[in-house]
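Below you will find one chain, with nothing else, as structure tokens; this is the form predicted alone, and questions on how it binds or moves follow later.
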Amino acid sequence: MNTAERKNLMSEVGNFVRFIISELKPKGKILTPFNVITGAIILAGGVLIVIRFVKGLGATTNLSQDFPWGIWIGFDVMGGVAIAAGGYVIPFMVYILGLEKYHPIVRPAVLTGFLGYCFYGGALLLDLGRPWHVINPLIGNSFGLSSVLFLIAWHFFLYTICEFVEFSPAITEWLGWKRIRQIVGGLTVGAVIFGITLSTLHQSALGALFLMAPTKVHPLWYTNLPVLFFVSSIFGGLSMVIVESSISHKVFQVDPEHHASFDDIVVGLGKAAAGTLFLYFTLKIISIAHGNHWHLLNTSMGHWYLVELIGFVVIPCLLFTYGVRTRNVKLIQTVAFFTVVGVLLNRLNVSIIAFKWDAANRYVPSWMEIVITLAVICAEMWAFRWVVNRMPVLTEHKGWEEEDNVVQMKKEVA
């Protein structure tokens, strides 16, 4: 490399560094109610996380030998992975089923899923007594080939990479890397197919994990967990996409043509959510009948089970159906929020509330565990906002679109 080439390279590196620094600066007002509240939560959570890693789990949690996991697993990991399922459901609808109507929400859905896996995977470290051992399944130290957690760990790791590849075209467009954009764009469909396969396996594997505790999980919830976890992740992911896209269309700048088709997209997602909710309800009833657990419904835990089943499955299914038939977008958006709550409640029921339900001393999360969980959620929202305000997620990158059209025309002529 001669002197001129070296100077040119240094100039390009300098321009790139200055661009990144400029993009790190906040855009818009800083002292807003949202920033103040979420910023305070993130700051408090950061301090508590430091205390957790310095003084151990006992200093910040109510975990014990009888209850080795709590809200960080039940809510952050189990629930977070379920509602992040839109990252594989929407690409499947668009790239595999060819439903191009939903193409405008592919990138927001993938971004939500990718950030969810990153942040909730990070939250997993909080629950590990020796967090540095998290790399053992990946580096070959104590592989544990017969372990369900080994399967989940590898699927989790590989699927996060798949989602990064799926979202990478937006990153290359933001950075102006046209040649790399062509390469990663060609990898998208392959990453989608591989990611769908991984999602099918690890969503159900999270349910299979609790099949190893038949005497600890309440019989009403200990029924066909792998299939139920997978099906519930579908309508959980669809509902989360409805919630996220509804908020994004009010908060961020969206292309006018995408905004015009937004109502049709919401109605279509509501229709799909209603169908999977009905399937989920049917599987639940079959599971109760197969285990002959009808008598358990007339117990205290059975009443709580009916709250989950009727309040967050049957009623949302009926309201989704009514909203789709009447094209009531606001109703569908509201029901989607409660459906997300229902999926999170189901994961908490299986992993915490209905787990060792008859124990004398029950686990109740400490206030510090709750604050840290809220901090993780707020940090994810900040990351989502930072990306959307800078990268072509809700808007089309016009320069790239025109270039892609030229390339397509050349192919058609040839």
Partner chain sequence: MRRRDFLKTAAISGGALLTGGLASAGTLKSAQDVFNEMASVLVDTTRCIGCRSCEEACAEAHGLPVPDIDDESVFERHRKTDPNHWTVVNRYETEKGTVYAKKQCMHCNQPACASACLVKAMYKTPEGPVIWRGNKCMGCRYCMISCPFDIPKFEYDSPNPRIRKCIMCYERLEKGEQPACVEACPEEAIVFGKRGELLEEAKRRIYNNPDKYVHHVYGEHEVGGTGWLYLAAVPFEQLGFPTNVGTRPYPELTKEFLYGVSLVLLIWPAFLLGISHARREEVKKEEVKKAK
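Bear in mind that the values here come from a model prediction, so they are computed numbers and not experimental data. Numbering follows the first chain given and starts at 1.
Form predicted in complex with its partner chain: not shown, discussed below.
The closest non-hydrogen atom of His218 lies beyond 4.5 Å of its partner chain in the predicted bound form. At a distance threshold of 4.5 angstroms between non-hydrogen atoms, Pro137 is in contact with its partner chain in the predicted bound form. Within 4.5 Å of any heavy atom of its partner chain in the predicted bound form lies no heavy atom of Leu283. Not displayed here, its partner chain is kept clear of Val307 by more than 4.5 Å at the level of heavy atoms in the predicted bound form.
Contact with its partner chain in the predicted bound form, judged as any non-hydrogen atom within 4.5 angstroms, is confined among 103-111, 222-230, 288-296, 241-249 to 222-230. Only one of Ala213, Val314, Leu279, Ile161 comes within 4.5 Å of its partner chain in the predicted bound form through a heavy atom, and that residue is Ala213. A heavy atom within 4.5 Å of its partner chain in the predicted bound form is found for exactly one of Trp174, Phe338, Phe157, Phe150: Phe150. Residues of 91-123 that come within 4.5 Å of its partner chain in the predicted bound form, judged by any heavy atom, are Phe92, Tyr95, Ile96, Leu97, Gly98, Leu99 in sequence order.
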